[in-house]
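Taking the form predicted alone, here's one chain by itself in structure tokens.
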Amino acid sequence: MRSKQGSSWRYMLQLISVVAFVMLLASLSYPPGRENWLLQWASRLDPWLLLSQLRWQQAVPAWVWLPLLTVTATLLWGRVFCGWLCPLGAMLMWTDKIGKAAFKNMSPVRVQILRTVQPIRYYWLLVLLIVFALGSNWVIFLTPFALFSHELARVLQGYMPWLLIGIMAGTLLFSRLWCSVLCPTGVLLSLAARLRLFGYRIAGNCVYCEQCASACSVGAASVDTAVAQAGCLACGDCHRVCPAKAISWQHRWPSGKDSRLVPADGGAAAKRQGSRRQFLKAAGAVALAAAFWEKTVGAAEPVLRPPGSLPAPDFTAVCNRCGRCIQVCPGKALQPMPITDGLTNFATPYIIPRQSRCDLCLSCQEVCPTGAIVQVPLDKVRMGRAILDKSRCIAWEENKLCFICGEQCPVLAITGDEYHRPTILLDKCAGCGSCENACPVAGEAAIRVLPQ
């Protein structure tokens, strides 16, 4: 396939990926339908989601073939998932092109900065793996589908997508630093791509103009190795700009090597020095992982979670903060927890019953991609427990005719005596917050719902 045709196909796939993802998320509403099914399948292409399922459920899910499809494609052709299908990657590709046009004079500096920080990506992967293994799900939050969902959901709710803006600003200045070094999925697939069968190779007629290096947005083109490095997105930009037509797509393991393009042996002393540096960097990565884990897996203040949520702290360890449960909630009862409540709880869904009640539609259970909100029948839902303060209840304290809490309870967990004074049936209470939300007492309600 010609380079121009390949670029056209790639641009078209990336455009479809971005537009489809945005439209599907924007149309996610009650009751969830086909759009939810497509979003779930797209999210499950990410191998990190499979790792999360294996860590939490310790069982192989039925959709295991989806992430394995991504890994297989990577082992064959490199990071085609990142370069051709990822919606966030597509957005950053266009952002990078804008950056190249806007900062044309800084192009060599952008490439140099990217190449300078690239060696740390596998140490960053070590940090992510350690934090993930210790129980934090922040790694999954940083994966492209979860992160893009979270930021788009913020936009749809009227908030600024600060994280996405920051990543795009970083791309403008430092090329595709996020895709190449920081994205958990990108770095994981870069590791797998080291074993890929096919890739771009540089032939002996290379004229060392380094136009390929300038065109590569992830710093993967290198005349020193004669083979595109593991971070290559298989975009073909290097092939397209090469004036000598010395770059071609072929098997990565040819029988012979071009001696002009193979770097000279640096000697045993240099190797020993490199080993010491690697050891120190690995030790630093372990220390950073320990510090990051401590901040993201701490004890959190109990709050009212969506119906079917795993008990704390398992919920925060499995939730990827994608925001789809918040997006689909018809009564807008679910809200993302702010950063002021700590990194452990940040962006996880919760309910403030005095502000809004859960309608028990259970749609959040259907759209959760990680299993943090489990599908349970309505009669098994136990979000919290209602507590009645008779000293504040106007029916009990002032003998007023008020039974609003009982009238609003969707599961008939509140009964009234001959004077309509309420009594809670705890074995029936689902903890949805309808009673607290409807209580007419000013200020703190006479009946409150506390987390389980």
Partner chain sequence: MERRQFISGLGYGLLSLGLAGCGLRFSGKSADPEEKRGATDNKQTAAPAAGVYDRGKLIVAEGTDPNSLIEKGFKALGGIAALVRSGATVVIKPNFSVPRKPEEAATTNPLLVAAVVKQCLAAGAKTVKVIDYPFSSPPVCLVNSGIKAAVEAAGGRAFAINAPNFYTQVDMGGKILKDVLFSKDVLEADVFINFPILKHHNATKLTLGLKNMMGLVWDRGYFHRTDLLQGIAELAAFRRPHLTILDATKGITGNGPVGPGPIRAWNQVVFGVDPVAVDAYGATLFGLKPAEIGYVPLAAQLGAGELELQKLTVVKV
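Treat the numbers as computed from the prediction; the structure is a model and nothing was measured. Residue numbers count along the first chain shown, from 1.
Below, we turn to the form predicted in complex with its partner chain, even though it does not appear here.
Enquirer: Can you work out which of 386, 409, 39, 383 has a heavy atom no more than 4.5 Å from its partner chain in the model of the complex?
Expert: If I apply the 4.5 Å criterion carefully, the residue I get is 409.
Enquirer: Can you work out which of 396, 56, 63, 403 has a heavy atom no more than 4.5 Å from its partner chain in the model of the complex?
Expert: Among 396, 56, 63, 403, a heavy atom within 4.5 Å of its partner chain in the model of the complex occurs only for 403.
Enquirer: Quick one: find which of 213 to 221, 169 to 177, 74 to 82, 354 to 362 has residues within 4.5 Å of its partner chain in the model of the complex by heavy atom distance.
Expert: Heavy atoms within 4.5 Å of its partner chain in the model of the complex occur in 354 to 362.
Enquirer: Residue 302 near its partner chain in the model of the complex, any heavy atom under 4.5 Å?
Expert: No - in the model of the complex, heavy atoms of residue 302 and its partner chain never come within 4.5 Å of each other.
Enquirer: How about residue 390 - does it come within 4.5 Å of its partner chain in the model of the complex, if we only consider non-hydrogen atoms?
Expert: No, residue 390 stays farther than 4.5 Å from its partner chain in the model of the complex.
Enquirer: Hey, in the model of the complex, does residue 331 get a heavy atom within 4.5 angstroms of its partner chain?
Expert: Yes - in the model of the complex, heavy atoms of residue 331 and its partner chain come within 4.5 Å of each other.
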